[in-house]
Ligand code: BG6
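One chain is shown next in structure tokens, namely the form predicted on its own.
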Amino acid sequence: MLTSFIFDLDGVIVFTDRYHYLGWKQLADEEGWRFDETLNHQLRGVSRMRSLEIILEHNGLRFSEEEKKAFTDRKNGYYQSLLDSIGPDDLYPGAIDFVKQVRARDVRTALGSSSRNAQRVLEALQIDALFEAVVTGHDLTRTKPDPQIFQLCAERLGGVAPAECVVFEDAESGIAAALAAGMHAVGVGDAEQLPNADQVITDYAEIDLDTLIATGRIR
């Protein structure tokens, strides 16, 4: 029986992907780097620094750690400015109602996001109270696919056993992290992009919540 649900943020609760894309695109355009939506897809679920390194590798470029830090700081500044326009239209359809239904069944809820801006997004959308525990990039020393993020979520929920947790993730690195933690993994999005997820949904209405809690299966 599942007692705890853990949610990624980007692409699972809210769509901030386009803001990240626009932030990286602005930096890339200013620096004359090649960057498009296909490359942007490779950045899902990984840290800001690793995202920059993927872009640099794609362009055959190398910089010092100090220079890379300056680039990521610039991108984050662009991203934070873009977040000023975030609103209810950016929420994943049905996600908030689903989390409320989960809470109504006395199931624990946590949010695990590698983004260092996750708390700001939750507060801007006024949904922070839906999650009993929140783990963000500020808390991590290792990023997905390492399971640390979801292990910390379970710890902050009172030491919940991994087998009692289900993780909702939209990136393959996040699915890998959930499975490495010994948790159930539900992919959110394109099944072809999430081949290792236990199950995949595109709509929260596909889930029979009572069945999921009781068996770990969505229906």
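The first residue of the shown sequence is 1; numbering continues from there. Owing to the predicted nature of the structure, the values given are computational and were not obtained by experimental measurement.
A second form of this protein, the form predicted in complex with the named molecule, is not displayed here; the remarks below concern that form.
- In the predicted bound form, no residue of the candidate spot (Phe168, Gln199 and Thr211) has a heavy atom lying within 4.5 Å of the named molecule.
- Contact check for Gln26: no non-hydrogen atom falls within 4.5 Å of the named molecule in the predicted bound form.
- Although the partner is absent here, Gly187 sits far enough away that none of its heavy atoms falls within 4.5 Å of the named molecule in the predicted bound form.
- When contacts are judged by a 4.5 Å heavy atom cut-off, Lys75 counts as touching the named molecule in the predicted bound form.
- Among heavy atoms of Tyr79, some come within 4.5 Å of the named molecule in the predicted bound form.
- Stretch-level contact check against the named molecule in the predicted bound form with heavy atoms at 4.5 Å: of 112 to 120, 99 to 107, 85 to 93, 126 to 134, the positive one is 112 to 120.
- In sequence order, Leu43, Arg44, Gly45, Val46, Ser47, Arg48, Ser51 are the residues of 35 to 51 having a heavy atom within 4.5 Å of the named molecule in the predicted bound form; the partner itself is omitted from this view.
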